[in-house]
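Next comes just one chain, in C-alpha cells: the form predicted alone.
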C-alpha cells in the first residue's frame, strides 16, 4: 500500500496541472468538453491523494520506521488510534492531510454542481486544482515529502509527543483543517465571479452553506483545542493567546464578519467590495494559519514544524493570492458598486457594519500581537514577548461590543429605525439586562466587566427568547397548530434565521463563562498524607480536600510509561463525599525524557474543581520507594461556569446544523450565461 501511495502522489502532480489548465481554458474558450474533462480530473485527484494518505497510515500501522516521518512520530507501543492520527501529527503528514481534505471538498463541490451554476464551474475547477497543485509541489519538492526514506531502519520510532496523545487533540487539528479547506470553495466561487464578471449576489447564494460549514468546523475545532488545553496542559486555563491558537482564531473572526455582511449585500445590494475582500482575506488567513503552524517560525506546544524551507514558499504563495485578488477586484470595481447607501446610523445595516468593523479590528489586533515578536526579531534583532495582557486589553472591549450587537442587529429595522421600533424592541430587553445587573450587584458581583457581560447576556437572551415566542405564537394562531408543531415549522421554514439565533445563544453561554474568570479561586498547598485543605466556592459551598497518599508505578511498556506518580485526594462538598480524585505526573519511554501532568477535574453545572499535582519528590517515591517522601504540593482551583464553554459549543453546533440542514430547493428559470456547459444543463439552484 505504501508503494502505491507514493506513486499516487507523483501521478497526482501532472493530473492536477492538467485539470487546472483545462478548467481555465474551458472557461476562456467557453468549451463544455474541456470543462467536463477538468471536472473528471478533480475526482481522479481525490482518489490519488486518498491513496497517498492511506499509504502513510499503512506505514504507521505497520511500524515502517525506514520512513523518516513514521520514525519521528510513532513507536511500536503507540496505540492504534494515535497511529492513525499520525497522518496529521507532524508537518509532512499534516500538509498531506490538508491536501486530502481540499481534494475531497473540491470533488464534493464539482459533484453538487454537475447540473447547476455552470457559469462558475470552469474557473472554480481551475482555481481548486491550482491550489491542490501548490500543495502537491510543496510535498514533493520542498523537503517535506512524507515518503522520504532514512538510510537505515531504526529498531523503534521516536514516539509521539505525550501531550498530543489525547482524544481532544486527535480531533482538534482535523476539525480545524475541515474549516480551513471548506472555505476554499467560497474562495474559488469568488474568484470565478471575478473572472466571469457575474458579480451580483449569485455567487454568495451558491456558497452560503459552504461558508457556514467552514465556520462550523472552525468553531468546533477552536473549542476542542480549548478543551485539550484545559485537560492536558495542567495550568488550569483553556486559552493562552498562543500563536497557534491565534492563527486558528484569525480566519474565524473574518469568516464571522463575512457571514453577517453577506446579509447586507443580499438584502440591500451593498458592501460588494467589502464582501469580496472578506472572502479573499479569510482564505488567505486559512493558508496563513497553516503556514504559521508548519513554517518553523514559531515555537508552540502544538506546532508541527521540522524545517523553515516552506516558510518562504508559503509567504510567496500568500503574497501571490493577495496580489491576484487585488488586481481582479480593481479590474471589476465598476461592477462592484453598491446599489444603496446606509440611510441611518440606527439601522440593521449599521449594526452589521459595526459588527464587521469590530471583528476586522480584532483580527488586526490579534495578527499584530502574534507577528510582532517575529517582526522585531527578524528586522531589528530584538526578542520581545507579547502575552495575554496585551490581547485581553485590546479584545475584551471588542467582545463586549460584539455581545451588545448580537442583541441589536437581529431586531433593529432595515434602512432607518423609528422611535417606535426602538421602544418596542429594546425597552424590555434593556430593563431585563439592567435588572440582572442590579441583582448580581446586590449578591456581591462587583467586577465591572463581569457585571457588564452578564447584563448584556441577559439582554441578548431575552431578545432571542421573545423572538422565538412571538414567531411561534403567531404561527400557532394563523395555522391553528399546537405550540410544539408551530415551533418546529417556524424553525424548519426559515432555518437560516432561527438557526442563527440558536448559535447566538451558544455564543452568549461562552461569553458568560469567560466573564466568570475574575472569580476563579486558586490555592497552592504543600501537604502530608492525612492533612486537609478547605476551599470556599465563590458560588457558595465549601470543599474539604484530604490528601491520602502518592503511589508509584515503574516502567509499563504497554502504556509507554517509564514511571508514574499518582496522588489521591478525597473530596467532600458541604459534608457530602464526592469521592477520590487522582492527579498524576508521568514519564514516558518514547519520546525519551518526556513528562506530563494529568489533572483531576470534578465538573458540576456551575463550577469545576480542578486539582493538579504541582510538585512531589519523584526520586524518593519512584526510585527509592521512600515512605517518608510523601509530601506533595497541589494546586487546587475552583472555576465557576467553565462548563458553559463546552455547553455553549453544543448549542452553537445545534444552531449551525439547523442552518446547514438541506431544505427544498427553489427552482430557478434556466439561464444561458456561458457556452461552457455540459450537455442538457439543469436550471441553476440555490
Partner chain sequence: MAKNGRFMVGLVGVAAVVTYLIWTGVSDTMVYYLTPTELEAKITADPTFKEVGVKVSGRVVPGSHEEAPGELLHRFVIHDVDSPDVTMTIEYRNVLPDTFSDSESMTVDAVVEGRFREDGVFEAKTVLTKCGSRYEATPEELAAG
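Since the structure is predicted, the reported quantities are computational estimates derived from the model, not experimental observations. Numbering follows the first chain given and starts at 1. The term rigid core refers to the maximal set of C-alpha atoms that superpose within 1.5 Å between the two forms.
The following text describes the form predicted together with the partner chain, which does not appear among the structures shown.
- Of the candidate stretches 172-180, 78-86, 584-592, 186-194, only 584-592 contains residues with a heavy atom within 4.5 Å of the partner chain in the model of the complex.
- When you look in the model of the complex, the only residue of 430, 439, 142, 394 with a non-hydrogen atom within 4.5 Å of the partner chain is 394.
- Interface residue among 483, 379, 312, 345 relative to the partner chain in the model of the complex, by the heavy atom within 4.5 Å criterion: 345.
- Residue 72 belongs to the set of residues with a heavy atom inside 4.5 Å of the partner chain in the model of the complex.
- Interface membership of residue 167, defined by any non-hydrogen atom within 4.5 Å of the partner chain in the model of the complex, is ruled out.
- Proximity of residue 574 to the partner chain in the model of the complex falls outside the 4.5 Å heavy atom cutoff.
- Within this chain, residue 68 lines the site of the partner chain in the model of the complex, having a heavy atom no more than 4.5 Å away.
- Although the partner chain is not shown here, in the model of the complex the stretch 384-400 places heavy atoms of 384, 385, 386, 389, 390, 393, 394, 398 within 4.5 Å of it, in sequence order.
- Core-superposed comparison between the shown form and the other one: CA of residue 375 displaced by 2 Å or more.
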